[in-house]
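Form predicted on its own, single chain, as structure tokens, below.
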Amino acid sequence: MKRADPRVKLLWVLLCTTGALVFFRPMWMLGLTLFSLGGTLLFGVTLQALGRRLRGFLPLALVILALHILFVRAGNPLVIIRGYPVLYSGGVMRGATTLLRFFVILCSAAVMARENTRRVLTALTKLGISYLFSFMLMIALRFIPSFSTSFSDALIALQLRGVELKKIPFGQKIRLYKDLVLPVVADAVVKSKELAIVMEARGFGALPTRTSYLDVRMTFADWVLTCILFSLGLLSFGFYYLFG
């Protein structure tokens, strides 16, 4: 499963992310979450690596849950203070569903982040997708951690200059983060220019067709897994639209 064809992983990711967008009932989202977690472990992502990714999104997840609890007034009141209901069952259920949706998307990202970029490009090309489009897609995904690294380096540079972020008031900290956006974007522009120069120097796009020394082939196990995923996807979405 760890060396499964990238096309199998892309199909799994497609099913997970589509289900995360389509399913709204908590029990369906719980089932999709278990399916995503099982696939993530089978594709070679450890619980420790997944936990490190989840820790980075934990504050955002808690904020989203709090917003749903405070502002969604649906369902039965669960907590009533001085005759005023402050917590509804609908808010808790929607908040939990949103958190599960984030978890599914993070599982999909963890699996694809572990895959070799060249294997993914070759697999997309074999699916009939233009190599230029596939290359741009992979470069865009590569720039996401680049933004995070640049922002982290900018914060470290401020701390080395004696700025104590923990002692800065929240309002000033927000303005500080806003001022860091420009140098981070400028660093990304510089990296993109360097990448363009390297691509041009290596003759990218000089010929209408492109060959690759790396080849990916679907094994018998990959075809079996593909059929299983297709069947599960058709059954799940069919039952959801009929009985969900």
Partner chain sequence: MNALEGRQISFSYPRHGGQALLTNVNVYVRRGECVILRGPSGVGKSTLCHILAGIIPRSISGQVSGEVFFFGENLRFLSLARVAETVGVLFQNPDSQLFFPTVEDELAFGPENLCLPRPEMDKRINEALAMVHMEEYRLVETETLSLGERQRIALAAVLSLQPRILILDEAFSQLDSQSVSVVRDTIRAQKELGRAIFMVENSEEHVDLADRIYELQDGQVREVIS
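Numbering follows the first chain given and starts at 1. Between two forms, the rigid core is defined as the largest C-alpha subset superposing within 1.5 Å. These numbers were taken from a predicted model, which means no experiment stands behind them.
Another form exists, predicted in complex with the partner chain; not displayed. Remarks below refer to it.
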Review point. Tell me, which of 59, 51, 203, 38 has a heavy atom within 4.5 angstroms of the partner chain in the model of the complex?
Key: 203
Check your understanding: Given that the partner chain is left out here, which of 30, 176, 64, 195 has a heavy atom within 4.5 Å of it in the model of the complex?
Key -> 195
Check your understanding: Contact between residue 151 and the partner chain in the model of the complex at 4.5 Å, heavy atoms?
Key -> no
Check your understanding: Just to confirm, residue 189 within 4.5 Å of the partner chain in the model of the complex by heavy atoms?
Key -> no
Practice item. Flag residue 212 as yes or no: does it have a non-hydrogen atom within 4.5 angstroms of any non-hydrogen atom of the partner chain in the model of the complex? Key: yes
Review point. Does at least one non-hydrogen atom of residue 100 fall within 4.5 angstroms of the partner chain in the model of the complex?
Key: no
Check your understanding: Of 168-176, 102-110, 80-88, 135-143, which is the one stretch near the partner chain in the model of the complex, taking non-hydrogen atoms within 4.5 angstroms as near?
Key -> 135-143
Review point. Is residue 115 one of the residues whose C-alpha moves 2 Å or more between the shown form and the other one after the core fit?
Key: no
Check your understanding: residue 189: with the rigid core matched between the shown form and the other one, does its Cα shift 2 Å or more?
Key -> yes
